[in-house]
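Shown next as structure tokens: one chain only, the form predicted on its own.
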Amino acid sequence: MTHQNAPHVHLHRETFVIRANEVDAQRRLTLPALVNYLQEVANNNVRLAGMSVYDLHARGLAWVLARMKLQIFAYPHHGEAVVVKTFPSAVDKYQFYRDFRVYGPSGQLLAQATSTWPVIDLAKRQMVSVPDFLRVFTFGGDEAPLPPAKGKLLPPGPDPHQHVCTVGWYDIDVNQHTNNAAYFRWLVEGMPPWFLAAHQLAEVDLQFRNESNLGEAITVQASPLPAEPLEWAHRLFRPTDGKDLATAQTTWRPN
């Protein structure tokens, strides 16, 4: 992994006012809405640099999210304004690393995330080396980069809680597969309702493994780690062929 210094850093920030359809029953910003904020600022960051998903599509390429580790320290509520900041922190042979910070109305740090973004060949649906035209992007921000997420995520244990969902029309993005935010939604919906009622998500590390498409059934499994009732392992897979679509590990705290 290489870090570069340049006089112009592609640091980007936007302000979002939390809407009623973006909160849960406790008036807290939902995980899918938060992930959508992160995707929006990332998309606008590369768009302003002339490297948007549409610019890449013209070359037969696309950005995809491979892994995101998100820490949530406090949840904002309906009607509050939050500032979301992002910057690309590094690049290696196959992927970019991108960090995010989310700040509340008084400037407090509400959440932070690190993520990895490979480039794929749209026709072959395969990852390619980062093209030279993307390497002109400058790296860094006004804060130190977060350590990238590493390591293997543990699978759920025996007899996990199980939930089945279906990829719907509005789950599909411009890359013609399921949008990243849908997996975060399914992950939460795959938890036992009694647990969700008493806890809030503190951290999620989600790794994408295969894409899914319109109409496919998705099975979501979840179980607490041994001796760690507030840490859960998750698996999202396609039952028709058994392929893992994503794996994740989460940490929760009581309400």
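Numbering starts at 1 and follows the sequence shown. Treat the numbers as computed from the prediction; the structure is a model and nothing was measured.
The same protein also has a form predicted together with another copy of the chain, omitted here; what follows describes it.
Trainee: Sort through 220 to 228, 202 to 210, 64 to 72, 184 to 192 and report the only stretch with a non-hydrogen atom within 4.5 Å of another copy of the chain in the predicted complex.
Mentor: Contact-bearing stretch, as computed: 184 to 192.
Trainee: Using heavy atoms only and a 4.5 Å cut-off, determine which of 109, 122, 172, 90 is in contact with another copy of the chain in the predicted complex.
Mentor: None of the other options qualify; the answer is 172.
Trainee: Pick from 105, 147, 151, 168: which residue has any heavy atom within 4.5 angstroms of another copy of the chain in the predicted complex?
Mentor: Checked against the cut-off, the match is 168.
Trainee: How about residue 30 - does it come within 4.5 Å of another copy of the chain in the predicted complex, if we only consider non-hydrogen atoms?
Mentor: Yes - in the predicted complex, heavy atoms of residue 30 and another copy of the chain come within 4.5 Å of each other.
Trainee: Is there a heavy atom of residue 244 lying 4.5 Å or less from a heavy atom of another copy of the chain in the predicted complex?
Mentor: Result no; residue 244 lies far from another copy of the chain in the predicted complex.
Trainee: Taking heavy atoms only, is residue 78 within 4.5 angstroms of another copy of the chain in the predicted complex?
Mentor: It does: once another copy of the chain is placed as it appears in the predicted complex, residue 78 has a heavy atom within 4.5 Å of it.
Trainee: Please tell me whether any heavy atom belonging to residue 40 falls inside 4.5 Å of a heavy atom of another copy of the chain, as the geometry stands in the predicted complex.
Mentor: So residue 40 counts as contacting another copy of the chain.
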